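The data below hold one chain only, encoded as structure tokens and taken in the form predicted on its own.
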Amino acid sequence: MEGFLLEYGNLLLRWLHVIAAIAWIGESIYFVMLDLSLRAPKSELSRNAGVAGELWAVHGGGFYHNQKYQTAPAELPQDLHWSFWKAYTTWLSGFALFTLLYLLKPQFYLVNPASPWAWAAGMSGGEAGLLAVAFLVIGYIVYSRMCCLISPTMQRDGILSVAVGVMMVVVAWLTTQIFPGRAAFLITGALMATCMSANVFFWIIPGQRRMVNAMKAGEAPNPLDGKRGKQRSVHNTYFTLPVVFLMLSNHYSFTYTNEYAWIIMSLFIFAGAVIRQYFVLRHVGKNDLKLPVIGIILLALIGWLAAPSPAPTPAPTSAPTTNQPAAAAGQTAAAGTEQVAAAGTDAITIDQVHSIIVARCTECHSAKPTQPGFPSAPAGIMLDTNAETLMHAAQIKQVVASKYMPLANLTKMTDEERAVIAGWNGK
């Protein structure tokens, strides 16, 4: 029952997170479009009232007239609309999901035994969890300080944009060195999402409140509040598409188990920003076709980097494999490995591969997992039968060859067994 409640909680949190994110991103993209689509008012009455720009639109069978005041309007309504709860709900539900799925099982999902750095490979689950949270906190502090130091009056935003891009490449490299690939992608995306939500919480909304209070008091608002809010809002719009990709990347293991994972992640971040820039410019009447071309080139480069290498041939051996469990399934897998390795890849059959799968994978990937903490098969992938193994052949070969699976090599899959699966033709 406890396992079911965890799964159901996961479902409800994920649903809430997606709903809040759609609402926040949709509203954010809308206001970027609105702000960039404003035109100087034609009416002298509007200009005299302080209207700096307006937009006429038609939608849903009705006509809309949006106006933006550069200075304080004649009066502010009591029911002034604010945009912040969607941002906060997205981050809070996302962090709750991260806690439920990663921080409660850090030894499985956050410890990377294959890390090139010995201290990272030897971390405990608790240490890995603390480090993951530290990435979010310290990452935002570094980002925010860069904004304040490089462009304090919003006059050097171009330089700041380059610096933020460099920062994200460094983060992509660091996370893939320290954490398992899937966690690295998620933590990088979570850092960007944290910066987005923190921009709203620490800069955009407080600045807007000061502006409103000044207007109500009959005082001139501080122009820096508006400029800072605009700066952080612009950053958020360029973070949006990369964050969406990084949140979805856990479904596509070829991205995060690749030896070039940090480069793939960085290219996806830049591709998302470039594609977003194309649509931003469209709002001001510019159709810069080189931007989607650059985005397509970056995506093609990612495809080339992520493409699988030719499968290695298992090395012949007559010695029994080592590091096998005493269970019957493990003994069967060892015997099958020896036979296949001696005969070559042509002899690799689904029965022989499945014997390895049963010994090393079905503790978690089963209709009824036996591994504590897994009430259901991760990602819904069950490998109890030959047919199920065949259904997921390509994914199995990829994650086993990269050593991403088994998680933390919990079931002690040997290099010989990995070579057999890598040399299997998937039939």
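Small disclaimer: the values here were computed from a predicted structure and weren't measured. Start at 1 with the first residue shown and count on from there.
Separately, the form predicted together with a small molecule exists; it is not shown, and the next lines address it.
K.L.:
Counting non-hydrogen atoms within 4.5 angstroms of the small molecule in the model of the complex, say which of Gln352, Thr89, Gln277, Asn250 makes the cut.
P.N.:
None of the other options qualify; the answer is Asn250.
K.L.:
Please determine whether Met413 contacts the small molecule in the model of the complex, using a 4.5 Å cut-off between heavy atoms.
P.N.:
Residue-level check for Met413: yes, a contact with the small molecule.
K.L.:
Please determine whether Ala419 contacts the small molecule in the model of the complex, using a 4.5 Å cut-off between heavy atoms.
P.N.:
Contact check for Ala419: no, nothing within 4.5 Å of the small molecule in the model of the complex.
K.L.:
Just checking whether Thr385 would be counted as a contact of the small molecule in the model of the complex - the rule being heavy atoms within 4.5 angstroms.
P.N.:
Residue-level check for Thr385: no, no contact with the small molecule.
K.L.:
Report whether the minimum heavy atom distance between Leu407 and the small molecule in the model of the complex is within 4.5 Å.
P.N.:
Answer yes; at least one heavy atom of Leu407 falls within 4.5 Å of the small molecule in the model of the complex.
K.L.:
Report whether all of Arg182, Ile357 and Val399 sit within 4.5 Å of the small molecule in the model of the complex, measuring from non-hydrogen atoms.
P.N.:
Verified in the model of the complex; spot residues all in contact, yes.
K.L.:
Could you tell me which stretch in 42-50, 58-66, 365-373, 28-36 has residues with non-hydrogen atoms within 4.5 Å of the small molecule in the model of the complex?
P.N.:
Going through the listed ranges, the match is 365-373.
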